[in-house]
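In the block that follows, a single chain appears as structure tokens, in the form predicted alone.
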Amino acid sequence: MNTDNSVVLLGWSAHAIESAQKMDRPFVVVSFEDFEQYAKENNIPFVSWDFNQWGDKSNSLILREKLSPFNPNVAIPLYEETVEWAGALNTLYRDDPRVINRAFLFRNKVMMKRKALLAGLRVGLFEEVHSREQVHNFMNRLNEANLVLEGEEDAWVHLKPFSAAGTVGHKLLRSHDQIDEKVVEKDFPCLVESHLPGQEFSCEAFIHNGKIRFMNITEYVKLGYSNFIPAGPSLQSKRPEIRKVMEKLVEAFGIEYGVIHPEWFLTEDNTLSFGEVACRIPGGHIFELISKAYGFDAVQAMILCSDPDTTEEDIKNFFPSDEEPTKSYAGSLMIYPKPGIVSRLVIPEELKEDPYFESHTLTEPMEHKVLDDREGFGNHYGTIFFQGNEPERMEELLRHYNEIDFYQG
């Protein structure tokens, strides 16, 4: 691999910076000016940039010029908000206009689902809506399709922003009354879609030259709260079918380099439905868990796979086999305090003494009130990490401690 060119990391991530520092190649971080002083004090190559501005005085051509002293050849998005910027820069570096088009595809959930539908992947019913009335009409059409009778429960509708990451802005609407109660004008325009049945899980695929070089399956214990890697035996047994739809997704979306993080739904009759896909570091500490479970640095893997100049030998030497079962499972539980007054942190002794307990990032709070109208799941106050050899025990622990009030009044 040519190590003369720099890797551009779009967004500030201490974890990603530490991983890049351990690689034998230069890099430069692009982020908001708030981080510039810290970067200078710690000798981190840095370019100040406001990702929220796009116009004649702030565009990819200007950013490319600011980055030119670092001799970059690939830009990597670390966060959802930097995906389009990475696409724009890589279009310039690779002289390929389709790269930016794919970035726009990843950032618009309606476009994304249309593409998946055209590729023959199974998706739910979805529409782009611009008013509360259109949401009501969508629910009515779902009710008709599901043969819902008067007095029965309405068909569930999921409302999602086009480009927000994770659960931000996601609203589950279970009735017409909830549409009137929960939906506000600032939600529009947005995506509405039918509820997909089945077990939700994600895959993390490292792709180079259009081929999946390593694929992980992450088991969600409670969406937005807890997951572990790799998935347990039941979900892993479906790996061949999951691999096929992943390859179909890669081909349909024209993905050549980098990492994708799609979410799927698996029903009891083994039907797989496509939820959505992102092409940046996944949330939920998934990269950290991958590194612990498989023994390689997931950020370094992303850098390798994002660079077209990475050789086949580099790829072969870096990744272990993803078909062989790991001897260790890594899990994380994000802690969200319940609404009410919070004044202290209480960690059960049984947690500290459990052999699967690894570490936590929970801190003592200042007294404050946790609101009950938080966006998405709200901000988590820290994470508890587990590691052990039995997936059943891992799931049991994640479910148990999700019910514990770590932050109390």
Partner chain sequence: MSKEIAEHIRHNFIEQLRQLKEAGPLTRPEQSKKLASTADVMMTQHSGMALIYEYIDQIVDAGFFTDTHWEDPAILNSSLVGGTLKAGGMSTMFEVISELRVLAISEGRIKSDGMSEVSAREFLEELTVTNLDLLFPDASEELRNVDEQARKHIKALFDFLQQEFIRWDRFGKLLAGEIQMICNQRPIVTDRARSIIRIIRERMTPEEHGEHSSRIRFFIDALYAPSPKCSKLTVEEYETWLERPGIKKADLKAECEALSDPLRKSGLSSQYHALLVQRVRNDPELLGMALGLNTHGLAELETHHKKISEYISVACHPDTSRFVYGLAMMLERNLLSRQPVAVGLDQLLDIEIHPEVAGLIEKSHPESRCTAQQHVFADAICMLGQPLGVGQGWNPTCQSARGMSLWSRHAPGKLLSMIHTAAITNDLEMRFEGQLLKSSELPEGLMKEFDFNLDAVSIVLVPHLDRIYFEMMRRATGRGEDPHKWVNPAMYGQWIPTGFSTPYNYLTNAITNYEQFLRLFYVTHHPDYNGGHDLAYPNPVGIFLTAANGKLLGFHAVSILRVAWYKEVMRIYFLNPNNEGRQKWHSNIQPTVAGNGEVPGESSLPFHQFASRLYAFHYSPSETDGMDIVSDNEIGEVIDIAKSSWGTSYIWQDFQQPVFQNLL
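Numbering follows the first chain given and starts at 1. None of these values were measured; they are calculated from a predicted model.
What follows is about the form predicted in complex with its partner chain, which we do not show.
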Is H15 close enough to its partner chain in the predicted bound form to count, meaning some heavy atom within 4.5 Å?
-> yes
If you check in the predicted bound form, is T363 within 4.5 Å of its partner chain, heavy atoms only?
-> yes
Hey, in the predicted bound form, does I44 get a heavy atom within 4.5 angstroms of its partner chain?
-> yes
Should D354 be counted as a contact of its partner chain in the predicted bound form, where contact means heavy atoms within 4.5 Å?
-> yes
Heavy atom within 4.5 Å of its partner chain in the predicted bound form: which of D154, E127, E288, D309?
-> E288
If we test each of Q37, N52, S359, S68 for a heavy atom within 4.5 Å of its partner chain in the predicted bound form, the one that passes is S359
Would its partner chain be touched by all three of F138, H170 and E403 in the predicted bound form, meaning a heavy atom each within 4.5 Å?
-> no
